[in-house]
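Take a look at this single chain, the form predicted alone, given in structure tokens.
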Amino acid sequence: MTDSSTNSSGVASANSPLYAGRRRRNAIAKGLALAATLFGLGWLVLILGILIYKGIGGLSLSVFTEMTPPPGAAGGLLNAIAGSLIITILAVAIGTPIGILAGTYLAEYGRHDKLSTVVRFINDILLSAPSIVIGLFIYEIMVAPMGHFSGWAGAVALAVIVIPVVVRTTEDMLTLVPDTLREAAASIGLPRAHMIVRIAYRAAQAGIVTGILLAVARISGETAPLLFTALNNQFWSMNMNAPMPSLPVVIFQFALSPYEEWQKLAWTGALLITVTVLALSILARSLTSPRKSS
């Protein structure tokens, strides 16, 4: 004889109290997960909605053609946008090669070395380090000895943020490359360096590019490091050895000001950064999404 709540194989039947209890617990867990998701998405939609409502009204051609204005006057964000582009491009140009080379060493040369374990640990610390701490560090080693703020210091500060992101993604993507490809390259006498460049990098190309795009998205809205390094400049300045304007710092300063024109430009600048980061995130996601075979 078998229990009415179980069948002959010992599995609970669909009408048994045990099965009904499992379904209740599953429904409760599923409902809580759905409620948490909706709660988080609700705040996200609210923030984006307010940002679009406040920022889209200030969008005009003058935003991209005029300089940041003096108090109480109308103007644009041309110098801030240009300064942000220059600092960001330089930061990526400095941080990307270092990150790719470090990630390559961790994945290809020292995968199980003690040095690699230390490097991974330090890289994890840098990934979670507050950006204001990085800004203060660059201030102590560059700004203070030089005696003035500069665009170079701002680019180096952002590059320090770029490096750990690129290191992590490069190592992860190269680790996913099958070892059979490495063995095939070694079997035909291909040197290890050539194998990495011609085979491993090509196989992990999409993932590495995704990591770079995510790093750009990470530094696009950073304000604290630039306050300690590049500071700001209300005029058009391409001198990297002097204070440089940047969009995040302008947003920070204009948002705290009592002038309505500045606050309006701050909302518009915030919308521009959000759209840029969203576009980069979508592009990065599209690069890593599985391609359907034709």
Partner chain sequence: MAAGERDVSEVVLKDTRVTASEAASRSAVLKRLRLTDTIFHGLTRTAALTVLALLSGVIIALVIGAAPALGTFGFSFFFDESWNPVTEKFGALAPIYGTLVTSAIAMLIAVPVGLMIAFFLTELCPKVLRRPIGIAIELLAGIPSIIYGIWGLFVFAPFVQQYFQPFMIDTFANVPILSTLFAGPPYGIGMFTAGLILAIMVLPFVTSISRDVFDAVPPVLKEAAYGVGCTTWEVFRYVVLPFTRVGVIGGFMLGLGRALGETMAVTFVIGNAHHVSASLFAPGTTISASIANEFTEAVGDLYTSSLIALGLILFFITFCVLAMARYMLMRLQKQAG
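Numbering follows the first chain given and starts at 1. What you see is a predicted model; the values in this text were computed from it and never measured.
Missing here is the form predicted in complex with its partner chain; even so, the following discussion is about that form.
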(request) Considering only heavy atoms, tell me if residue 191 and its partner chain come within 4.5 Å of each other in the predicted complex. (result) yes
(message) Is residue 55 part of the interface with its partner chain in the predicted complex - any heavy atom within 4.5 Å?
(response) no
(message) Even though the partner isn't displayed, in the predicted complex is residue 16 close enough to its partner chain, meaning a heavy atom within 4.5 Å?
(response) no
(request) Please check if residue 182 has a heavy atom lying within 4.5 Å of any heavy atom of its partner chain in the predicted complex. (result) no
(message) By the heavy atom within 4.5 Å rule, which residue out of 104, 210, 88, 150 makes contact with its partner chain in the predicted complex?
(response) 104
(message) Using a 4.5 Å heavy atom cut-off, which of 131 to 139, 202 to 210, 80 to 88, 67 to 75 contacts its partner chain in the predicted complex?
(response) 131 to 139
(request) Enumerate the residues of 260 to 284 that have a non-hydrogen atom within 4.5 Å of its partner chain in the predicted complex, in sequence order, or give none. (result) 263, 266, 267, 270, 273, 274, 277, 278, 281, 282
